[in-house]
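Okay, here we've got a single chain as structure tokens, the form predicted alone, with questions on binding and movement later.
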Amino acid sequence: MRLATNVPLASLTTLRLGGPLRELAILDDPADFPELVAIAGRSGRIPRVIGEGSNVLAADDGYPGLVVRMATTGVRLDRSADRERVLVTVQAGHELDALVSEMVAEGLSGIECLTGIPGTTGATPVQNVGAYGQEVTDTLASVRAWDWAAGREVEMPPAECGLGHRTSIFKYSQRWTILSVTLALTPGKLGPPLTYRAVAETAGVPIGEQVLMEDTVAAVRHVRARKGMILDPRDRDGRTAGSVFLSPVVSPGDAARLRAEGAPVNEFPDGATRVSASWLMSAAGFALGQQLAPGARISTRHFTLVADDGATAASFADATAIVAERVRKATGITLTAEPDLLGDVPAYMRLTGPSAQ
């Protein structure tokens, strides 16, 4: 484990925003975790954990505590579970996109639609990460975590993780630090039925058809790249936190009204009816590339927010608030911001929280 002080948070997040961090611990060896527990015990504070910083807004004045960058890697396959699935245990810091490629190469299906999503595998249960018809909840077998309240390591089945739409019991709590994730994947050659029109069209098949896993990955990556949703530091839209807003829950009345207006309103695995936040931004009159606050604008290719030179966490939060307010006035729907907040940004805090679920 490596320790550093006064590290700029901007160097740890994909938005490249944030002031000084008092203390950073980079955990790249699972065997060093007890040392981290001891350090936290001496400070009397539970550390905040980040992976690759792809879903984080860090405050301009920094963070006064200890942050752990989870950098542990490694994958273990257990093919003895049964004939229909393989248990795959992944260290928390293992890059998700790399894991997808590795599992496709192994002929194991269940996460191929998550290709191109930045971040670490340990973060996937926190957000119940999902895209294009697949979610982590579909394959999650267990989570191994450190329970700071109990002072011990725990093994948590999916039923104890509170998984919902981009949320879990881990999302708004520092009680647990995820150490590894075990997925149950299916041996085979085909990916899932392609239920998203853009992906199916890219793959050249009707909606509901299956293609080879490699072709599924290629189609999803093409769609994500077209939207600027594969991180590339050379891309003018590359300073992003991904989807800045959750797809909001809508009432039956709002769902009928929005469908009549052409909105993509769908039933989600958590049982809720939700509408696309990107569509709401467009319906509220925003334009691609539109500047909203100093250094903060809408992407030129997709209705999400990105940062430019001159951006600050405060200006990004202001842009987020501008979008949420205009969408509320134009559509009557309340948006909730998705990226986690590290530090104190009052304008952004009002747009986040468990009330979104």
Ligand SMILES: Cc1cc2nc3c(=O)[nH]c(=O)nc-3n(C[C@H](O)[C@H](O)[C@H](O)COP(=O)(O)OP(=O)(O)OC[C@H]3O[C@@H](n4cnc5c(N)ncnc54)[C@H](O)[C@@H]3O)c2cc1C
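Only a predicted model underlies this, so the values are computations on that prediction, with no experimental measurement involved. Note that residue numbering begins at 1 and tracks the sequence as displayed.
The discussion below concerns the form predicted together with the named molecule, not included here.
**Student:** Looking at the partner-bound form in the predicted complex, is T240 within 4.5 Å of the named molecule by any heavy atom?
**Tutor:** Yes, T240 is a contact residue.
**Student:** Can you tell me whether D60 touches the named molecule? I mean in the predicted complex, with a 4.5 angstroms heavy atom cut-off.
**Tutor:** It does not: once the named molecule is placed as it appears in the predicted complex, D60 has no heavy atom within 4.5 Å of it.
**Student:** Report whether the minimum heavy atom distance between F245 and the named molecule in the predicted complex is within 4.5 Å.
**Tutor:** F245: no contact with the named molecule in the predicted complex.
**Student:** Is V75 a contact residue for the named molecule in the predicted complex, using a 4.5 Å heavy atom cut-off?
**Tutor:** Contact with the named molecule, no.
**Student:** Just one of 192 to 200, 264 to 272, 149 to 157, 112 to 120 has residues with a heavy atom within 4.5 Å of the named molecule in the predicted complex, so point it out.
**Tutor:** Single hit among the candidates: 112 to 120.
**Student:** Work out which of M229, L280, A219, C161 lies within 4.5 Å of the named molecule in the predicted complex, going by heavy atoms.
**Tutor:** By the 4.5 Å criterion, the partner-contacting residue is M229.
**Student:** Please pick, from I298, L27, V327, V56, the one residue with any non-hydrogen atom lying within 4.5 angstroms of the named molecule in the predicted complex.
**Tutor:** None of the others qualify; the residue that does is V56.
**Student:** What residues of 30 to 49, in sequence order, lie within 4.5 Å of the named molecule in the predicted complex by heavy atom?
**Tutor:** R48, V49 sit within 4.5 Å of the partner.
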